[in-house]
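Before any questions on how it binds or moves, here is one chain, the form predicted alone, in structure tokens.
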């Protein structure tokens, strides 16, 4: 018996759906906890004296803080609504593109958009759904500092 399709017309109609804005103030304590958790020793994120002497003139945020902290808070994401049950899922990867540095003290607003849903059959015959979401991150000046293209895989 053939497996029922995972991707439905109802799901495809959601392409283009955007999330609410999520706002994150890049506080020193957030950066500190993040770099400790990922064991990143870069003094640009942690040592104010060092950071002031660089071309940036102050403490910076690690680039991956944007998609990690915002995603971890559950914001800035678009979830596909479906009546089709799924048995499992994994993260399929992120493609983070950086345009401007993010500084401690910046206020970052993110907005995610569902850009594609694809269904593929794996080598084992299992149907898999690939959901692609693009998130744009802007600073308090309205400048795009980064974009993230995130893939989720479910079955």
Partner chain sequence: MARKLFYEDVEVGTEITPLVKHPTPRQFVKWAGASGDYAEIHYNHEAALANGQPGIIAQGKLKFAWLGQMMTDWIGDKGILRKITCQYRGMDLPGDTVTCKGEVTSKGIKDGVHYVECRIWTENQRGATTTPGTATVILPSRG
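Keep in mind it's a predicted model, so treat the numbers as computed, not measured. Residue numbers count along the first chain shown, from 1.
Omitted here: the form predicted together with the partner chain. The next part is about that form.
When contacts are judged by a 4.5 Å heavy atom cut-off, residue 121 does not count as touching the partner chain in the predicted complex. Taking the partner from the other structure, the partner chain in the predicted complex has no heavy atom within 4.5 Å of any heavy atom of residue 46. The closest non-hydrogen atom of residue 125 lies beyond 4.5 Å of the partner chain in the predicted complex.
At a distance threshold of 4.5 angstroms between non-hydrogen atoms, residue 67 is in contact with the partner chain in the predicted complex. In the predicted complex, the partner chain lies within 4.5 angstroms of at least one heavy atom of each of the following residues of 21-50: 33, 34, 36, 37, 38, 39, 40, 41, 42, 43, 44, 45, 50, in sequence order.
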